[in-house]
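Take a look at this single chain, the form predicted alone, given in structure tokens.
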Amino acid sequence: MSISRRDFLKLAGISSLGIGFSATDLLWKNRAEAVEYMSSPKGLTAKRWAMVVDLRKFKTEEDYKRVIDACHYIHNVPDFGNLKDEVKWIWTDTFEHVFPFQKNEYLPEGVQEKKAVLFCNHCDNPPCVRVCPTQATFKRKDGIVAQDYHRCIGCRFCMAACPFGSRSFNWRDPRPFIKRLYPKFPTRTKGVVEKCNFCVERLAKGLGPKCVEVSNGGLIFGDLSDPESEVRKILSKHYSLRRKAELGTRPSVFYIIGGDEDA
């Protein structure tokens, strides 16, 4: 179902007059996973997908660049060439900025100088879902916080609500700035928000996220609810961090920052 920005605002106005239903209720009463990819018999399933970032495996600039480039290519992420217009699904930042309250002089040597790989945290309690007036952003049954680009009206409430800066807004038409078009994934338009989707389109085909595939073990993906999954096994053996855990959004991305087995 599609709707124009004018139509939405008109219905929102009706709602504000006191009629006993909301605009979103009227428009998408039966909404749900309209944009979920049709899964093949080989599609991967889980109760809650999660990612583990093993920072010990990221040792060179090429290690970071490889996962970013692979993701941005298969998702047609534009490169505007400046930070003001930047659109990003995976990016990096310093340890100090990513874990501002975790820095101390007793961390393993070199940890505080490392950069962290960042993407949408696919929170179990996602504030971006709650504030989206059109339900363009929604949480799937497998825990992935997905997005319907056609429903996005560009209000950017989700960007304001996300405490991790995981979303980007297309201030300009992104299509001329896609360096190499990947025909199997849709492009976006000006005025649309976008972010990492944990490669839902690949999961539906029985494939893991592309960034994991090229990370040489630096990224581990799996079902957090399955005690036998790879993510659960590695988390059981290593101390891990989650970004801004004190906010209660319960991120599905975990970081191993150092230590040996069973550390």
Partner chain sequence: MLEKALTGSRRYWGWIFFLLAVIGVGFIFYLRQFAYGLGITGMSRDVSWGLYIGQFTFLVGVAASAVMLVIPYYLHDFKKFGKIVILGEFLAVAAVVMCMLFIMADMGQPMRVMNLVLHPSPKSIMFWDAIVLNGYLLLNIVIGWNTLEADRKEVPPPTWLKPLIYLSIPWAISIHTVTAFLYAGLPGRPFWLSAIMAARFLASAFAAGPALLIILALIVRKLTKFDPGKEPIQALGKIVTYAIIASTFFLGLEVFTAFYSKIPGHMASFQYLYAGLDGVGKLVPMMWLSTILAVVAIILLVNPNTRKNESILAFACVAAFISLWIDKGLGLIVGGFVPNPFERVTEYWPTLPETVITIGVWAIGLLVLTVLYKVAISIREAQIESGSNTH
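All of these numbers come straight from a predicted model, not from anything done at the bench. Positions refer to the first chain, counted from 1.
Omitted here: the form predicted in complex with its partner chain. The next part is about that form.
A.B. asks: May I ask whether 221, 242 and 258 each come within 4.5 Å of its partner chain in the predicted bound form, counting any non-hydrogen atom?
C.D. replies: No residue of the spot touches its partner chain in the predicted bound form.
A.B. asks: Within 4.5 Å, heavy atoms only: does residue 161 come near its partner chain in the predicted bound form?
C.D. replies: Residue-level check for residue 161: yes, a contact with its partner chain.
A.B. asks: Given that its partner chain is not shown alongside this chain, does residue 111 nevertheless sit within 4.5 Å of it in the predicted bound form, heavy atom to heavy atom?
C.D. replies: No, residue 111 sits far enough from its partner chain in the predicted bound form that none of its heavy atoms falls within 4.5 Å.
A.B. asks: Given that its partner chain is not shown alongside this chain, does residue 107 nevertheless sit within 4.5 Å of it in the predicted bound form, heavy atom to heavy atom?
C.D. replies: Flag for residue 107 set to no.
A.B. asks: Hey, in the predicted bound form, does residue 93 get a heavy atom within 4.5 angstroms of its partner chain?
C.D. replies: Yes, residue 93 is a contact residue.
A.B. asks: Heavy atoms within 4.5 Å of its partner chain in the predicted bound form is the criterion; list the residues of 186-209 that meet it.
C.D. replies: 189, 190, 191, 192, in sequence order.
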